[in-house]
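There is one chain below, alone, in C-alpha cells, taken in the form predicted on its own.
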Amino acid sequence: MLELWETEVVVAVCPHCDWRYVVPTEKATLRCPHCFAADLEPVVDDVEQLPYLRPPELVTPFTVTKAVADKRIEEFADGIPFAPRDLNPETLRSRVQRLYLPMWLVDSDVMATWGAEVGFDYNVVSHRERYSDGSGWDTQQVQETRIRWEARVGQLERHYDNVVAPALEQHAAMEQALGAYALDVAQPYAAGDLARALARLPDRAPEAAWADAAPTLQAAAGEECRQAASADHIRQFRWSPTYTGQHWTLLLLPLYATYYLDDDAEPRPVLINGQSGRVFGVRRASMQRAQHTALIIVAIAAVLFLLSLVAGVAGLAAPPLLVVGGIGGVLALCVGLGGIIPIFRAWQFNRKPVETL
C-alpha cells in the first residue's frame, strides 16, 4: 500500500500520544510534532493492516514561506516578561517541522421531501408623536421591516460536492486554534509533497465522519430551498433525505509545528497555519526566572541594609554618617519591596488566556 505514495515513506507512531504518521524514510525518528514528548518509532509489523494507508487525492499547499513562518515565530516569542530560557526564536526555529493534517471531503446525491416556513420582508409605515419644549408636538414617520411567513413543501434532488467532514478526533479543536483553510486552492497529490513533511494518518472512519457532514448538507439544502422560494428567510426546515453515490476524498492541510520547554521541562507546542500564518500556542512567563530575579533584588537590598547599619554604627562617632545610614536604610527598603515586581509581572502575564496571533 505504501508504494502508492510514489516516494520512500514508512509508517511511524508516537509511543506517547499514539498519533500515526506517514514519514519520509530518512525522517522516521523525528520528534512527534503533536505532543513533542517522544521520538517517532517506525511501525514494522502488520503495517498493511492499518486503516487509511492510501495516499490522499488532494493537498492544500504551503503558501506561508519559511521566512514568513520565522517572522511569526519571532512575534510569538516577543514581549514575554521573564520568558523561559527555551522560549526564544532561535530554538523555536530550529525545531520547526512541516506537517499535513487529514480531512475528509464527501460527495453525495440527495433525494428528499422537505418542508419549512419561508419569510418575505415587507415594509410598514407608521407615525410616532414626539414632544419637545421648543416646538411642542411633532409627528414623525417611521418605516418598519416585518416578515410574512408562509408554509412551503417540496421535493429536492441535488448533487453536492466536497462537503467537509473531520478525519481527526481533534479536528474541531485544531480548527478553533488555527482557523479554517481555503479548500478551493487544493491540488492533486504529488510525490514531492512529502519530501520535507510528515502526513498524519486519519483516526476517524468516513462512516463516523458522516455524522458531521450530514448537518452541513441539511444547511446547504435549506439555503437552496429558500432561494428556490425567492424568500428572504427560512425557519423550521425539515427533510427526509435519501443519500446515494457517496464518494470520499482525503485532503491534506499544511501546518508548521514547533515547541519550547517550560519550567517543568514539559513541551509546549507552537502551531502555525501553513496557509494563513495564524499562530497558536501557550505564551507563558517563567516563574523560576522571575523568582531568581527577585532573589537578586532582595540580595542587593540586604547588602544595602548591612551597609546602612555599618554607617549607622559609625555615626555614633561621626554624626554625619547617621544621615547616610538612614538614607541607606530607606533605599534598602525600597529596593527590597521592588523584589515583588518580577514575580507579580510573571504572575499577571500568566493569567492571560491562550493567545492566537
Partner chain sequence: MTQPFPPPGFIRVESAIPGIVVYAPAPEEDEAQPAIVEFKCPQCQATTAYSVVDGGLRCAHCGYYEPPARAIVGKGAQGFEFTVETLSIASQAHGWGETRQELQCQNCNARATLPPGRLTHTCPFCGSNRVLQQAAPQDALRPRFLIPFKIEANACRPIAENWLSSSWMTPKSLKQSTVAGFMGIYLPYWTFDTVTLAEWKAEVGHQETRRRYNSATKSWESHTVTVWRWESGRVRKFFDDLLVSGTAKLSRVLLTQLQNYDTHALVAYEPQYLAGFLAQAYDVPLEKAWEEGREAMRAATRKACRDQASTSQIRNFSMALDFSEESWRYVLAPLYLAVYRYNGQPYQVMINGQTGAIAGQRPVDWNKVWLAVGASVAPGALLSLIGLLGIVLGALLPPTLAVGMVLLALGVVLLIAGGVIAFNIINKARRMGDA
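Residue numbers count along the first chain shown, from 1. Superpose the two forms; the largest set of C-alphas matching within 1.5 Å is the rigid core. Being a predicted model, the structure only gives us computed values, none of them experimental.
Omitted from view is the form predicted in complex with its partner chain, to which the following refers.
Engineer: Would 244, 249 and 262 all count as contacting its partner chain in the model of the complex, using a 4.5 Å heavy atom cut-off?
Structural biologist: Per the other structure, none of 244, 249 and 262 touch its partner chain.
Engineer: Note which of 201, 225, 92, 105 lies within 4.5 Å of its partner chain in the model of the complex, where distance is taken over heavy atoms; exactly one does.
Structural biologist: The residue from 201, 225, 92, 105 that makes the contact is 225.
Engineer: Just give me the single entry in 211, 173, 151, 182 that has a non-hydrogen atom within 4.5 angstroms of its partner chain in the model of the complex.
Structural biologist: Filtering the options by heavy-atom distance leaves 151.
Engineer: Of the listed stretches (78 to 86, 271 to 279, 97 to 105, 119 to 127), which one has a non-hydrogen atom within 4.5 Å of its partner chain in the model of the complex?
Structural biologist: Of the options, only 119 to 127 has residues within 4.5 Å of the partner.
Engineer: Any chance residue 113 has a heavy atom within 4.5 Å of its partner chain in the model of the complex?
Structural biologist: Although its partner chain is absent here, residue 113 would touch it in the model of the complex, with heavy atoms inside 4.5 Å.
Engineer: Under a 4.5 Å heavy atom criterion, is residue 196 part of the interface with its partner chain in the model of the complex?
Structural biologist: Heavy-atom contact with its partner chain at 4.5 Å: absent for residue 196.
Engineer: Considering only heavy atoms, tell me if residue 157 and its partner chain come within 4.5 Å of each other in the model of the complex.
Structural biologist: Answer yes; at least one heavy atom of residue 157 falls within 4.5 Å of its partner chain in the model of the complex.
Engineer: Residue 187 near its partner chain in the model of the complex, any heavy atom under 4.5 Å?
Structural biologist: Taking the distances in the model of the complex, the answer for residue 187 is no, it never comes within 4.5 Å of its partner chain.
Engineer: Superpose on the rigid core, then tell me if the C-alpha of residue 78 is displaced by 2 angstroms or more between the shown form and the other one.
Structural biologist: Shift of 2 Å or more: no.
Engineer: Once the two forms are fit on the core, has residue 161 moved its CA by at least 2 Å between the shown form and the other one?
Structural biologist: No, shifts by less than 2 Å.
Engineer: Once you line up the core, how about residue 211: does its CA shift reach 2 Å between the shown form and the other one?
Structural biologist: Residue 211: C-alpha displaced by less than 2 Å between the shown form and the other one.
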